[in-house]
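Only one chain is given next, in structure tokens, and it is the form predicted alone.
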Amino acid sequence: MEWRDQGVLLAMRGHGESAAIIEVLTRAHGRHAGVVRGGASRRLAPLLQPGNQIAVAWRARLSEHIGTFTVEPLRARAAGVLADRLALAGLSSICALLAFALPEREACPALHDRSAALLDLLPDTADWPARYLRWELALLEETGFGLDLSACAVTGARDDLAYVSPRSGRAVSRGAAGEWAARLLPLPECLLGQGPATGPEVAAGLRTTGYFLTNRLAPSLGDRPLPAARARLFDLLARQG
């Protein structure tokens, strides 16, 4: 069994004396693990950093085996964010959530492309946190827990949308919320791809996507807690002015 692909490296851990096991979100083969011989060596370890784009060739005797990877670097993203605490937190959260949320060996090329594009923005683009927020919406959609923010669930209106129902995942307008407003989740304009995208605005949006990640997605995976990397990014954005 053998195939070739490219993808985003999500995680790496040592295996034996010098090998490593990596997880890669490949474009055509989904989230896939494999052994890299010599992956923990001084030559290869710097290349096998989360967030990097790599070309991989996978080989195994049977398809159900973990198999081995040979790897070639395509884009070294990790080094570009080491000096930026917020960007490094963003990279870590993206990789951790993909590894947490996606089933093994199920292709999701659109999410792969969106994730790779977002990772490319981290070192140089100031508005990446707002795009990260929209990426979490895409992740919820990919995993079957998408939100419907197109119109008010109560009136059908498409303007003055201010909240999200925690029960249905649908938008609610300010006027329709009434006395229930305190029980609803925030819907900042940046969650709709509009308006300002300050740290607190993005953090408000992340409170909403985080609710569905925690209370819908995580229980479907055995009620594992969300990766700590996601909480670290949220805390950094919430503290921004």
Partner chain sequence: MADGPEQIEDLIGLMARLPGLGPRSARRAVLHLIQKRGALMAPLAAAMADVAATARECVRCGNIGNADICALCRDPERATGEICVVETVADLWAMERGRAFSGRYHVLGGALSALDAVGPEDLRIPALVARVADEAVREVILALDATVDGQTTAHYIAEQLAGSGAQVTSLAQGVPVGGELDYLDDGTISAALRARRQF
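Since the structure is predicted, the reported quantities are computational estimates derived from the model, not experimental observations. Residue numbers count along the first chain shown, from 1.
Although not depicted, the form predicted in complex with the partner chain is the subject of the following passage.
Of the residues G38, G193, P46, G175, just one reaches the partner chain in the predicted complex with a heavy atom at 4.5 Å or closer; this is P46.
Shown without its partner, this chain lists A138, A76, L121, A157 as candidates; in the predicted complex, only A76 has a non-hydrogen atom within 4.5 angstroms of the partner chain.
Of the candidate stretches 46 to 54, 208 to 216, 176 to 184, 61 to 69, only 46 to 54 contains residues with a heavy atom within 4.5 Å of the partner chain in the predicted complex.
Contact with the partner chain in the predicted complex, defined as a heavy atom within 4.5 Å, is made by all three of G80, D84 and R239. The closest heavy atom approach of R13 to the partner chain in the predicted complex falls within 4.5 Å.
Put simply, I94 is far from the partner chain in the predicted complex: not one heavy atom of it is within 4.5 Å. Taking the partner from the other structure, the partner chain in the predicted complex has a heavy atom within 4.5 Å of a heavy atom of L88. Using a 4.5 Å cutoff between non-hydrogen atoms, L25 does not count as a contact of the partner chain in the predicted complex.
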